[in-house]
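To begin, one chain is listed below as structure tokens, in the form predicted alone.
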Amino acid sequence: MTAPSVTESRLERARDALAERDLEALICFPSSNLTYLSGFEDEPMERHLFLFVTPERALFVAPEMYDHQIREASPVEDVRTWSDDEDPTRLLEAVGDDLGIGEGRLLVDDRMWALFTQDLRATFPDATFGLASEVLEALRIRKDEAELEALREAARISDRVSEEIRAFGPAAIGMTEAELAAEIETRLEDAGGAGVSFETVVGGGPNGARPHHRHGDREIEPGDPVVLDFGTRYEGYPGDQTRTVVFDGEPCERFLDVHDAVLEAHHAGVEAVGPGVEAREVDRAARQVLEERGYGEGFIHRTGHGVGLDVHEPPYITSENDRELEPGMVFSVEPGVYLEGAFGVRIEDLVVVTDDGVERLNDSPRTWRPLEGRE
């Protein structure tokens, strides 16, 4: 997924961070952390598969069926395997002895299954445990150029499909949300994407007032505001953009005002982004617009979330986050207003903090009309 030189650089930075903090080891299991550090990607399963990183070394503990697969994907050459008729905790004990760990502080993957954390605690009873994010959040939060290029391409694919779908116009009337979602997902694949970043959101009419509604059997009707939130992955990195469209007919007057307010809030949030700006200032810029327009109570979620190998990761753009933004950080700006029983409006772009401002990754039309030009 990532070039060995890039992965080796990430491992080196992780080892340096462990040494600086006097930490014994970082232990990842199949997750975005493991992929980030090793280049190897797999789903969590019931078998013990770990990447151990210490200030001096890195090695895998894995089922023997994964030996060649890991060696092909990762520059980590030390792969210790166990078979299904063996107790993997014995290999863990041997690895601990070899690495000289077990009496200091060990960081385990934040999302590691309890099954495996329990086995690690039993294997290293004298160690103290923390979370991998203590080290990896600072490394992953600023994207390198390879990551940025993958995110840009994922955004371009999402934008292309957004324009294709909004071009349906009246042909979308009578389609169910699920049918429209299937059309989106097919087109994402056809445009070069690899699956979806998350379950596609198509929220027509009152369903759009529920931010995490996915899609159902409701048919799209004339005048319906339809929230379309989707993305695809490219080289492991996700796109994520939202537009609210009326495919045919005229929406109600209140919708016109809400959409205009959300669009204004979206632009205000993006314009607030820059190096040295606190994350909460971006939230404040978007939220203030909606409060002044009378829709503050309808904005019921944060303004944005970081995007990387995980579609939701730091930095989170919330009213309480005083973290200063830095070049290379990527996150969404997605204000929304949700009127229960009526409709919802959300507009979302991904942005990158640059040395002197902000770069939008998305540039598809943000208007509610299906075929009009850009704003």
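Just so we're clear, the structure is a prediction, and the values are computed from it rather than from any experiment. Numbering starts at 1 and follows the sequence shown.
The form predicted in complex with a further copy of the same chain is left out here; the points below concern that form.
- Taking a 4.5 Å heavy atom cutoff to a further copy of the same chain in the model of the complex, the contact residue among E250, D84, D78, E292 is D84.
- A heavy atom within 4.5 Å of a further copy of the same chain in the model of the complex is found for one listed residue only; from R280, R187, R121, R160, this is R121.
- Taken together, the three residues E8, V270 and P315 lack any non-hydrogen atom within 4.5 angstroms of a further copy of the same chain in the model of the complex.
- Heavy atoms within 4.5 Å of a further copy of the same chain in the model of the complex are found in exactly one of 229-237, 164-172, 94-102, 124-132, that being 124-132.
- The closest heavy atom approach of R254 to a further copy of the same chain in the model of the complex falls outside 4.5 Å.
- Using a 4.5 Å cutoff between non-hydrogen atoms, V246 does not count as a contact of a further copy of the same chain in the model of the complex.
- The closest non-hydrogen atom of D109 lies within 4.5 Å of a further copy of the same chain in the model of the complex.
- When a further copy of the same chain is considered in the model of the complex, A138 lies well away from it, no heavy atom lying within 4.5 Å.
- Of all the residues from 195-231, those having a non-hydrogen atom no more than 4.5 Å from a further copy of the same chain in the model of the complex are R210, P211, H212, H213, R214.
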